[in-house]
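Just one chain follows, in the form predicted alone, and it is written as structure tokens.
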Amino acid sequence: MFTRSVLLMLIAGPALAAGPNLGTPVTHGDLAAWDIHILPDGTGLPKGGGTSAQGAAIYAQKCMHCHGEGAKGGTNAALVGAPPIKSIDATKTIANFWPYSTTIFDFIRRSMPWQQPRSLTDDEVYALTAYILAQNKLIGEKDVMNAQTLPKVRMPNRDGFIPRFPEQTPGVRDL
């Protein structure tokens, strides 16, 4: 029995030490491509910009089949149109729930369209964000959203959230 164990260790040892040989090591460049988070104060927003009119065309092509005409709901959630939240069960939309306009940009950029996440350009994301904000009457139809203007949009439910770690989120107290 002892001889068999020693023999097995001698044969399998080098193979186990090398690991299962799955995947490739992650480089700093690989990680940098995914370091796309946007903070409430706009830290991390990329260059670019867009308007509601530009966003309307993109929305019609890439978003309307899920979120419905005018972003009022389809097979997926409505993005506009719900009244202020009065209970936990209320319908949550962009204007009545989301605390920061930069969160909208961050969410769209990371996860939309759902079948091709991260496929939109930064200009498309700015334009879609502008479209959604304009549909919610939070900005004007002709306002340009970019790294300077987007963080200045004050969301109606901004004070409805308490940051868990405000000291780790630059600019939250200053917004």
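When you see a residue number, it is the position in the sequence shown, counting from 1. Source: prediction; values computed, not measured.
Missing here is the form predicted together with a small molecule; even so, the following discussion is about that form.
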**Request:** Note which of 138, 63, 45, 56 lies within 4.5 Å of the small molecule in the predicted bound form, where distance is taken over heavy atoms; exactly one does.
**Result:** 63
**Message:** Using a 4.5 Å heavy atom cut-off, which of 24 to 32, 109 to 117, 46 to 54, 138 to 146 contacts the small molecule in the predicted bound form?
**Reply:** 109 to 117
**Message:** Under a 4.5 Å heavy atom criterion, is residue 128 part of the interface with the small molecule in the predicted bound form?
**Reply:** yes
**Prompt:** Are any of the heavy atoms in residue 77 no more than 4.5 Å from a heavy atom of the small molecule in the predicted bound form?
**Reply:** yes
